[in-house]
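Single chain ahead, by itself, as structure tokens, in the form predicted alone.
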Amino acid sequence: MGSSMTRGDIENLATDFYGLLESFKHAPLYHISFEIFLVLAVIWLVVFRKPRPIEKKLTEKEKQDLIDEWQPEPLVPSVDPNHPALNVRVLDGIVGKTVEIDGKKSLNFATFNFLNFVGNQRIADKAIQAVQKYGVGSCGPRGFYGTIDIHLELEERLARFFQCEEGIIYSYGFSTIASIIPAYSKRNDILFVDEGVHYAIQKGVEASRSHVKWFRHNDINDLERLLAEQEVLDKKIPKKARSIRRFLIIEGLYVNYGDICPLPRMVELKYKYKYRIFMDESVSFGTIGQAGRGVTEYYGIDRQKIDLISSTLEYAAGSIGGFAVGSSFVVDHQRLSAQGYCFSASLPPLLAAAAIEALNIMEEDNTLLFETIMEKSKRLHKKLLSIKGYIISGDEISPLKHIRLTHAFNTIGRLEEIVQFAQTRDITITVARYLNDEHLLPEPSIRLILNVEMTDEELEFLCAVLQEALVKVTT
């Protein structure tokens, strides 16, 4: 059944068409342009776009040919078989003031046994007693039946040693600061980091995903420049700035350089620019300060002004693991947020017992350990400076020194020659090693580490061997 259009219908259509034309006259140009673009796109899709070709199925022979031609990427990059890491010197016996390599004894200036606690009989006896009482390992993280009474005792002793409210221990030194930084600093927070910090700190900084501002090593003026620049930015976005946390990440005594941080000035800037200080005292714990309490003691700075101090039990204490001390409010946060604490099996009880006995020795009233090691460090520094042809890096009271050859002579090859020559003269030293993805690769150097038991005669012998080696590799 059909119907014919009336005159009224035709008039209505004409009116609607006229209204459409009038609307186009008053429409914005961008609106009309967009509609024209859409119409042209539809026309192109309908008329000009070619249909997707049907993929040809490969024959079994063609598939096999492709498989035979494919060359997979290597799982790991090729490595020089002569790389030092693949040709390590194997030690036999206790790694103390002396070490035995290939059946030959030599003076040890290569390991971090500052206080000669490795092999200390008192410490060894306590570790043996702990093995007899607790067994060897814990086989569980701290939050899952891995906490043993001796762990709590060690944490309490470390807090008391540093005169802080609370301490926390980790089962691995590297994971300590690498876990601590991302436990507090998150995305959009700001880290002001000395570009000379060691690798574990760098990994913690990377894991935090925070904004990182690197300042030149131990350059307080460069740090203040960055802080001032950030202050200007904060004033432009005050609402956002109030939600951003700021941290200063430093070492007390830098393992890659041997120098001490300018902590007093950094504490002054803390209250001016409002940031928190995290300081790693891996090298300075047990070596710097009247009682071995590190850089805060050396400078006479109240430890409450440092928000968190971390360190390792693997250097001066002669054990394994790491720790942090600070206020209870700050430290307790790690028990829920620090991955190295939450997910690693807890420190073996025998190592906790060893660390406690190391602290007992450090805290003895008549100890001369710290005065002795700082005095011997000064004497070693003076003797090294007297050798012409070496550049000595490090503070005079630091038991860790870096020595380099001058200018073009300073290559890893020549430094290795010095190390090998020294070994023939019964001196064990090492070239400092770094990974390729370090934020800033230090210049090649030989790292010297002083053991407190070294005598002046042995230090004289070290310097005499270094002088001989220098003549040999530069002539």
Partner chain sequence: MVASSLQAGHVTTVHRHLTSKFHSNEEMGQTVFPLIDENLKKNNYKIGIENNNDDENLQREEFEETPLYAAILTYLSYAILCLFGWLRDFLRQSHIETKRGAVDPNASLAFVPLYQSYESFYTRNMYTRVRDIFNRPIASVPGAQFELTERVSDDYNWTYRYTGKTISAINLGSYNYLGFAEKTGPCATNAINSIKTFGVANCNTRTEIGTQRYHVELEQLLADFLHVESSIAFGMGFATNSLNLPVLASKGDLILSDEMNHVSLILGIRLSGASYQTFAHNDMKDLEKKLRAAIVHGHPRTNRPWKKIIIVVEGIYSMEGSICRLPELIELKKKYKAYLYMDEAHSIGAMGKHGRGIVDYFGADTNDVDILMGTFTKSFASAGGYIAGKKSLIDYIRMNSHANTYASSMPAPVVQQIISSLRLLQGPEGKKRIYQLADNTRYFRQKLVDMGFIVYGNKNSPVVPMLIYMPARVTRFNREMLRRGIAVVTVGFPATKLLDARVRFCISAAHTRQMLDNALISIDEVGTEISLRYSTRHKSRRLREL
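Between two forms, the rigid core is defined as the largest C-alpha subset superposing within 1.5 Å. Worth saying up front: this structure is predicted, and the values here are computed from it rather than measured. Residue numbers count along the first chain shown, from 1.
This protein has a second form, the form predicted together with the partner chain, left out of what is shown; the following refers to that one.
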### Query
From the list M374, L263, C164, A127, which entry has a heavy atom within 4.5 Å of the partner chain in the predicted complex?
A127
### Summary
Picking from V232, I237, L368, V90, the single residue whose non-hydrogen atoms come within 4.5 angstroms of the partner chain in the predicted complex is V90
### Task
Determine which one of 380-388, 295-303, 282-290, 172-180 lies within 4.5 Å of the partner chain in the predicted complex, judging by heavy atom distances; exactly one does.
172-180
### Task
Classify R142 as contacting or not contacting the partner chain in the predicted complex by the rule of any non-hydrogen atom within 4.5 angstroms, answering yes or no.
yes
#### Entry: Partner contact for S138 in the predicted complex: the partner chain, 4.5 angstroms, heavy atom
yes
### Query
Does the partner chain come within 4.5 Å of any heavy atom of G258 in the predicted complex?
no
### Task
Classify F409 as contacting or not contacting the partner chain in the predicted complex by the rule of any non-hydrogen atom within 4.5 angstroms, answering yes or no.
no
### Query
What residues of 343-377, in sequence order, lie within 4.5 Å of the partner chain in the predicted complex by heavy atom?
F343, S344, A345, P348, L350, L351, A354
### Core-superposed comparison between this form and the one not shown, Q64 Cα displacement 2 Å or beyond
yes
